[in-house]
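Shown here is one chain on its own, the form predicted on its own, set out as structure tokens.
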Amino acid sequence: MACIRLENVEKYFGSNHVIKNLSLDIRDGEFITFLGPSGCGKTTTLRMIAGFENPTSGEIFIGNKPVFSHKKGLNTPPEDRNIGMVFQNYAVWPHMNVFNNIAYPLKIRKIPKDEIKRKVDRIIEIVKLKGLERRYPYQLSGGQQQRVAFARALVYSPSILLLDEPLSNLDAKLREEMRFEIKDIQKKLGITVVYVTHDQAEAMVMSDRIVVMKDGVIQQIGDPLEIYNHPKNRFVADFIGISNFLKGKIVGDEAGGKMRVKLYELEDAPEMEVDVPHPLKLKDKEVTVVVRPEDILIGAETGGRIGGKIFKRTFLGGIMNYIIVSKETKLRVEAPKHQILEEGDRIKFVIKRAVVVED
């Protein structure tokens, strides 16, 4: 059983309140990612699960067993929590070859030599290091060193794997490849993974669920599709993907998760129906509406009635990226690469989907 539960966890560093009443259930075999900007508390939360940092208050459970309880004075040391951890800098030992780096956790546990060889050979196969057993770290690429760190964390069959920004030192292409490899390893082993990153693409590709954090507080928990399509507030919408934010006036009551809104910042904008995926706390009739760039279609043939002008265009390979201006509002739009428009062109456009969020 490798589920994790945090209950009312608080953490102070002096007077700095870095984690604020955090409660979370992580399911057995789940790949869950803590995502947020630097200083939001994601790494501190990971280190508290590992036992490298002690909460100021609250409780942490691994399986059904408490590993930390401020109230009961309980604190299980990291080596007794049956976790593996991969750090940002890999921390492979330069004086040991690949085999001995991976075997080290088994040697300090006094595992018999024949069993060590069997376990190391198996994990080397899984992480695709076959044939590199006798090489030293300086003879390996960054991606290979990272695989050594993974193998070393997995070789003694921990119930949980904790990953602290393990891809940040790799180049963009290798980073993209390793996202899929990490996910494949997790599926093969059926292990619970807690991953920390500030890279939204990593979180979207790899995670079963994402925990979006800001200032030590969970902003939203959900699968990647839910987080992207139904952001709970402006911060989540802004941090995940690219968003256009517009002000609108409610002109129709909410019903069935929808609401009618007039986007008064746009030229000739009609009333439109927008999604309301989360309960709103409204002080007045004005709301913030999120529109993703791919949900704006340009051209009279789309039935678009909203007026605007092409302010800037950028070719991004598979798409054309446009900045359009309507009244004085700038909107980012993603269009097919064959839809070529010139800067200064007058256009009509339509918003196919929008979501109301809290500020």
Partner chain sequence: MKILSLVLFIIIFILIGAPLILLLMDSFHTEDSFFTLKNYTDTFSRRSNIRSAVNTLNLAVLTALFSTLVGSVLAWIIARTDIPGKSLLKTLVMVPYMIPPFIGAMGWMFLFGRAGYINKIWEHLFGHRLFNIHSFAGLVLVLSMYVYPPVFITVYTALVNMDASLEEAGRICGARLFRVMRSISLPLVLPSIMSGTLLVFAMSASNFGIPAIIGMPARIHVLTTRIMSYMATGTERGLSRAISLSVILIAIALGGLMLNNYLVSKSKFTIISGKSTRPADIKLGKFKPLVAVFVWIFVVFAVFLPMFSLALTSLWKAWGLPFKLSSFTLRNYYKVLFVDSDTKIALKNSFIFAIISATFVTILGSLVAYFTVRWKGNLSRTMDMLATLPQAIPGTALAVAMILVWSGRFGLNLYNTMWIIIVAYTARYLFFAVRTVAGAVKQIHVSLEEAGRSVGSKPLKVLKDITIPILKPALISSWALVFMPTFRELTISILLYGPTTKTIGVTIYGLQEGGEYQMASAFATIVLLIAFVLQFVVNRCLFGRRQS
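Positions refer to the first chain, counted from 1. For the two forms, the rigid core is made up of the largest set of C-alpha atoms that agree within 1.5 Å on superposition. From a predicted model like this one, the values you see are computed outputs, not experimental measurements.
The discussion below concerns the form predicted in complex with its partner chain, not included here.
- Although the partner is absent from this view, Gly248 stays clear of its partner chain in the model of the complex, with no non-hydrogen atom inside 4.5 angstroms.
- Not displayed here, its partner chain is approached by Pro105 to within 4.5 Å at the level of heavy atoms in the model of the complex.
- For Arg147, no non-hydrogen atom is located within 4.5 Å of its partner chain in the model of the complex, even though that partner is not displayed.
- Contact check for Ser159: every heavy atom lies farther than 4.5 Å from its partner chain in the model of the complex.
- Here the chain stands alone, but in the model of the complex its contact with its partner chain, taken as any heavy atom within 4.5 Å, falls in 91 to 99 among 172 to 180, 213 to 221, 91 to 99, 236 to 244.
- Checking Val120, Ala269, Met85, Met259 against its partner chain in the model of the complex, a heavy atom within 4.5 Å turns up for just one residue: Met85.
- With the partner omitted from this view, the residue of Glu115, Asp284, Glu79, Asp253 that lies near its partner chain in the model of the complex is Glu79 [heavy atom within 4.5 Å].
- Within 4.5 Å of its partner chain in the model of the complex, a heavy atom is found for every one of Arg47, Phe52 and Arg109.
- Contacts between 110 to 149 and its partner chain, taken as any heavy atom within 4.5 Å in the model of the complex, involve Tyr136, Tyr138.
- Core-superposed comparison between the shown form and the other one: the Cα of Leu174 travels less than 2 Å.
- Positional change of His95 between the shown form and the other one reaches 2 Å or more at the C-alpha, relative to the superposed core.
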